[in-house]
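Shown here is one chain on its own, the form predicted alone, set out as structure tokens.
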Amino acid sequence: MKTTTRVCVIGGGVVGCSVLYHLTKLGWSDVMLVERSELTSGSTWHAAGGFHTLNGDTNMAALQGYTIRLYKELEELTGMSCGLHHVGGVTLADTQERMDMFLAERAKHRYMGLETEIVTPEEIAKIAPVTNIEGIIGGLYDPLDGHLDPSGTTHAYAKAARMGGASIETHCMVKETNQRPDGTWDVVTNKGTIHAEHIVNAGGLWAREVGAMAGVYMPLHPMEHQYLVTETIPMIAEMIDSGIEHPHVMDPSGESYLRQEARGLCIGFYEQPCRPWAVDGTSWDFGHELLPDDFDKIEDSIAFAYKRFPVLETAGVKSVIHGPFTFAPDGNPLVGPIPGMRNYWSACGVMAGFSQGGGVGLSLAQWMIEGEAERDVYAMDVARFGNWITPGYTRPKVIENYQKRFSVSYPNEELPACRPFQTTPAYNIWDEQNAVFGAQYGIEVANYFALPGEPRFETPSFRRSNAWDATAAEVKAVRTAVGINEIHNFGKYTVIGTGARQWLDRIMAGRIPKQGRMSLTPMLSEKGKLLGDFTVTCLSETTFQLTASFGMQAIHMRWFLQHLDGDVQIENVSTKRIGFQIAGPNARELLSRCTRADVSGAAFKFMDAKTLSVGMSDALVQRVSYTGDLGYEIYTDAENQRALYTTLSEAGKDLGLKPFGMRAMMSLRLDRFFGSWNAEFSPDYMPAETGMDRFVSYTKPVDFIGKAAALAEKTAGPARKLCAFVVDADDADVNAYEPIWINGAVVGFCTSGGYSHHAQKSIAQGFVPTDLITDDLEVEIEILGQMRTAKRVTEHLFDPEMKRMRG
């Protein structure tokens, strides 16, 4: 056995073998994998082996498409069979809500190059003849769907990795992982100690236990999952004899997936009375055994399946496969470098290993070797869950995700499990004012305030929801008087030290402001991709505050600490320093009533920052607002938040002060075409194509991270640019990723959109090829299957001369 290696992958399932192969494919040959038993000894060996591209996140869908296309390449490379069956698959819809979801997904697939199509009930009957189409109104067909041999595929990955120079050690159980002072690792096994520069936790069912060896909590949990294989079914046998394979059928209402297996059928269930497995940890003795059959928990699912697929009712059951699979709280994998750790990588929580394993392996290998993945991997970044997550939170969320595996996924849906978890001192203040809450990164956020007589629940929908009237009223309050909104849901960091300015100048692409001023700046990767959209506030020459997306805290802190040098200390104060923003024409008058400081337009200019006494609270006050209106952000210590609210609310009674939530905020920002993180801005994009280049200081003498790549983009000119459109919408607005059509061809896609209640117009933002952009550009945007005319707009819908915002 090798005793030194560049990378030690722990776990020999399909994901671990994929990571190993992709490391060799990208050029690292001094890599090895250790497996406590035989390859495929965890969840892999008993997997149903299905694969598909459908995923609500477009980058995950693209990586799933890569995974599926990779299998033929593996077969050609190794000469081994993956047992591929590209039979296609159809997902059924028996409600308009699900059809809306399919229409939205099909629209996304157009610009992704995925050839899915909407099919009628009559077409479904021909495609999948075992299906009873009674009550079905349509479906989504994907020709890439299929299934494979789990064991054969895993061994093909393993052989391909060996061909690239990797080694694999089976029956090699890891006992300890100990980090040396230089950041390398000693992996202690029953066969000796391996010294590795990097380790990858691909432990699958044992990922929690492997992580614990290094003091790492992996937020995942195994769930029991059961599927059945039938004896021969005459209809299937006749199709086979005619050279036809039956396609996959996903029946969300029945919580089932079905495919052909030999001359019968295989059907599995995501049943509501589901059960978590190994709650207190996975036994190291568990291996190639299955769990006892449990027909009671799938009794209702089987009864539904008999109605949807009548041939099952008379079919004999040949075998029952009941085994555990691991899930993260949102169902996506946990991939990437563990925050706060050096050279420790995650590749676990991959419940759909044969749909996602190739993409996971590729992304992680790129990350390790090239410093970043080619796509935005936020949806599966292990750091999307911060250090606030606990086993007590993970398990109920995993159960919820399992139960909703086939549920319609709405863009405005707020899932109820583990809510509320974290709250601010102002939570009860909003609760008493009929707030309808959402959750961001574990903390409760007011989405809107229900009007008298309205339910305190937003109906999930792809169309305009019951939050419409309340949101319109909140927008009106901001534009005509003054609104108040909590600002806890920003990520906030203090940077202190004699080297703080120099460090910020290197890590940020924009200008670092003078004392008492603020600046907006992107943070870039080495390849010039956007990693963050920051506000930098200079409190003194040695003290700065950074503000950015709340959900990116762990990701941003990981990047900061990876690049920290000199006399610099950085602290995440996101939930310690909170407060409120006030915005609207009466905002200055409100602030002046609460402080003795001069806050006139001459004394307190746009982008100024001052430390003031506001009522009883010492506060950092910044003259800026994401609403695009006259506004101020007022930060104070969490202990003082309620006192700060009392001061502001008492002073604002006769000024029309009203609370507003995130639904109104996202409507208000559209008036000025402001971008939003994970929409207009993400690691998929560069500065110039998004318009963020106006905040990049290309000429500053510092060689900031990503400078060469950003300059190259600026010199060449971006191939596409963001544009804003007014859309001739009906009862549904742009959400994200709807295709943009010109002259009957898809040329771009939307990044976000919504309804401007101030301008009373439907607005969309999206990418269009630069050479097609004109001031009077007219396009079509596909919204829920309908082509809607959209015209480019260049003048802001509110305060185009910025007199209110800057005055």
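Only a predicted model underlies this, so the values are computations on that prediction, with no experimental measurement involved. All residue numbers are counted from 1 along the displayed sequence.
Omitted from view is the form predicted together with a small molecule, to which the following refers.
Using a 4.5 Å cutoff between non-hydrogen atoms, Glu35 counts as a contact of the small molecule in the predicted complex.
Heavy atoms of Met173 reach within 4.5 Å of the small molecule in the predicted complex, making it an interface residue.
The small molecule in the predicted complex comes within 4.5 Å of a heavy atom belonging to Ser355. Heavy atoms of Leu54 never reach within 4.5 Å of the small molecule in the predicted complex, leaving it off the interface. Residues placing heavy atoms within 4.5 Å of the small molecule in the predicted complex fall in a single listed stretch, namely 36 to 44, out of 756 to 764, 777 to 785, 740 to 748, 36 to 44.
The candidate spot formed by Ala202, Tyr227 and Pro324 lies fully in contact with the small molecule in the predicted complex, as each residue has a heavy atom within 4.5 Å of it.
Think of it this way: in the predicted complex, the small molecule has a heavy atom of just one of Phe102, Phe725, Phe580, Trp206 within 4.5 Å, and the residue is Trp206.
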